[in-house]
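Just one chain follows, in the form predicted on its own, and it is written as structure tokens.
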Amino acid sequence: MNDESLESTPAPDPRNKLNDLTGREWLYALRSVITTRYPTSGAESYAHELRRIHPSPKPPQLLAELVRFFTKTGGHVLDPFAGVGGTLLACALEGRTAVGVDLAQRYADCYAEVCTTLDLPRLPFVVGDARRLTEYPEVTARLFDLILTDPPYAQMQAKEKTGEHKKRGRSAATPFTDFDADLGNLDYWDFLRELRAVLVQALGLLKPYGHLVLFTKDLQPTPAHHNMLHADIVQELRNVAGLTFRGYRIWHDQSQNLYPFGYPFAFVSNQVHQFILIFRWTPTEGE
């Protein structure tokens, strides 16, 4: 289909079982890099001043874009690492339903306050452990069309900051929670194993041909390992039966501050991007 034919199809193709997008909208959604500078104050920030109690709150506007592509109106979405409810906010904005799960009561309380502030419906938010998804009636009530989540990035947030952050008085660790069950408090390799276990359980709650979409960010390399977490997550999940890696999109967040890491001695990258990893679920017969 060429560009001209996309222009002539303003309505969604009736063969499109994935979403409600027209050909033009679908084309735009295929760009591999998403560059944003979402406001962090005012009405267009979607109560960022409240959501910022989380070390890494995702913008509901960005999550809404993913929800629109990977579900139809009325679709049902699971977020097993809900944080302050960015996925749930996006679903409310886009006419989808969702269930979020997170360990922290304070994040659930924050989500409730944000819903009140934005006058959005509160979707089910379970304060619980993502390792125990099948124990929660809200989660098991019906199958999901999409799993959209932003899990911890191993111990990235739980470690004390060094270098330029320390010089600027920002060396304190900012863990998501202090719970032992928090995947963000595990070391790199334990994190990967536990993440796989959570997602394998979640896939049992996903409709055939649904998608798993998750955010991640690489750590700085060390002499011992490259620390490309996005690659190691793909490697960890690639042998899950029925799960196919479909590629990734890169989110370039222009609101991130730049620091002169390594100056004047060595190259140290400012990582102002995150990977959005995309998998498709096609369970084998009998699963």
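For every residue, the number given is its place in the sequence shown, counted from 1. Values in this document were obtained by computation on a predicted structure and should not be read as measured data.
We do not show the form predicted in complex with a small molecule, though everything after this point is about it.
Can you say which of 25-33, 228-236, 252-260, 53-61 gets within 4.5 Å of the small molecule in the model of the complex, counting heavy atoms only?
Looking at the partner contacts, the answer comes out as 53-61.
Select from the listed residues E138, D109, D190, D129 the one whose heavy atoms reach within 4.5 Å of the small molecule in the model of the complex.
Residue within 4.5 Å of the partner: D129.
Checking a candidate spot here: are D150, Y153 and T177 all in contact with the small molecule in the model of the complex (at least one heavy atom each within 4.5 Å)?
Answer is yes for this spot.
So, in the model of the complex, is D145 in contact with the small molecule at a 4.5 angstroms heavy atom limit?
Outside the cut-off, so no.
L103: touches the small molecule in the model of the complex, heavy atom cutoff 4.5 angstroms
Although the small molecule is absent here, L103 would touch it in the model of the complex, with heavy atoms inside 4.5 Å.
Looking in the model of the complex, any heavy atom of G86 within 4.5 Å of the small molecule?
G86: yes, in contact with the small molecule in the model of the complex.
Check whether V213 has any heavy atom within 4.5 Å of a heavy atom of the small molecule in the model of the complex, and answer yes or no.
No - in the model of the complex, heavy atoms of V213 and the small molecule never come within 4.5 Å of each other.
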